[in-house]
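To begin, one chain is listed below as structure tokens, in the form predicted on its own.
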């Protein structure tokens, strides 16, 4: 017979995990049910499938230019994520691989900048974009997000597990530093890149405040801005908003499920 204490501990663990899973999944489940109901039913708190799904989808497609909005969001999130990963991984690689007297001071200064709230940077950042005539452009959204301090920190910490023997062997074979980075470092650190991709893509996809400030026409709106616009009226249709929320959630779910195995390895610092 197994140890009763261990059995009770395992049972409590499964109960807590089940409760946490339910709390995590229930908002999405309620959102899916809400998309099938009318706005009055949602306000009354109905948690059951309704018959208004196709009506809500039709209203959403008439109010939102879905192909254009999806393109805007995918372009900003895709290009922004790719540039962020390249710049941040290069910076993290450089901070860890190259020794200098001021390295740690510069890195500490970067980490200190994490304490500055974005609200304090909005006005000077907006003035900078206005002077560059980039207001209401994709560049205004993408450029400020490229040098992510958190992702630089993440890559530097992950690079500590990178086998330095591979770098030395590559140098002996005559590879230059940029060749070592692209042909040796990046393939070895693919789990780290996968985890960072999920984090960066979700941050860019769900970005709301900065696009709200610099995007000024409907044809440039992202999914977050389009859904927020649906909620701006005096009588918002929550069923339509639920449909938009589901559509906005799907790309992040696809990215996560495609990279979830590598995501776990990357977050654990695995290098294979």
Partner chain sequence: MAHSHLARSEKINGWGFVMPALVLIGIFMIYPIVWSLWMSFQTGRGMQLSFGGLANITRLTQDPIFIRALTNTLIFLAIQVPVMLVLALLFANALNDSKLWGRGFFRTAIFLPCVTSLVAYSVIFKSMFAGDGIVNQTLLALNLIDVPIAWLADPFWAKVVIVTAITWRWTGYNMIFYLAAMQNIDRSIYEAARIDGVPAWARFWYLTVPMLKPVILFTSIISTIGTLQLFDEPNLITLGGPSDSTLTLSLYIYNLSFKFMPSFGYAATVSYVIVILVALLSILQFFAVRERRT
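Positions refer to the first chain, counted from 1. What you are looking at is a predicted structure, and each value in this text was computed from that prediction instead of being measured.
Below, we refer to the form predicted in complex with the partner chain, which is not included among the displayed structures.
Peer 1: So which of 161, 82, 90, 74 reaches within 4.5 angstroms of the partner chain in the predicted complex, heavy atom to heavy atom?
Peer 2: Going through each option in turn, the one that passes is 90.
Peer 1: Can you tell me if residue 258 lies within 4.5 angstroms of the partner chain in the predicted complex, counting non-hydrogen atoms only?
Peer 2: No, residue 258 is distant from the partner.
Peer 1: Residue 47 versus the partner chain, in the predicted complex: is there a non-hydrogen atom within 4.5 Å?
Peer 2: Yes.
Peer 1: Counting only non-hydrogen atoms and a 4.5 angstroms cut-off, does residue 27 reach the partner chain in the predicted complex?
Peer 2: Output for residue 27 is yes: heavy atoms within 4.5 Å of the partner chain.
Peer 1: Can you work out whether residue 224 and the partner chain are in contact in the predicted complex, taking contact to mean some heavy atom pair no more than 4.5 Å apart?
Peer 2: Yes, contact at 4.5 Å.
Peer 1: Check each residue of 101-139 against the partner chain in the predicted complex and list those with a heavy atom within 4.5 Å, in sequence order.
Peer 2: Residues within 4.5 Å: 102, 103, 106, 110, 113, 115, 116, 117, 118, 119, 120, 121, 122, 123, 124, 125, 126, 127, 128, 129, 131.
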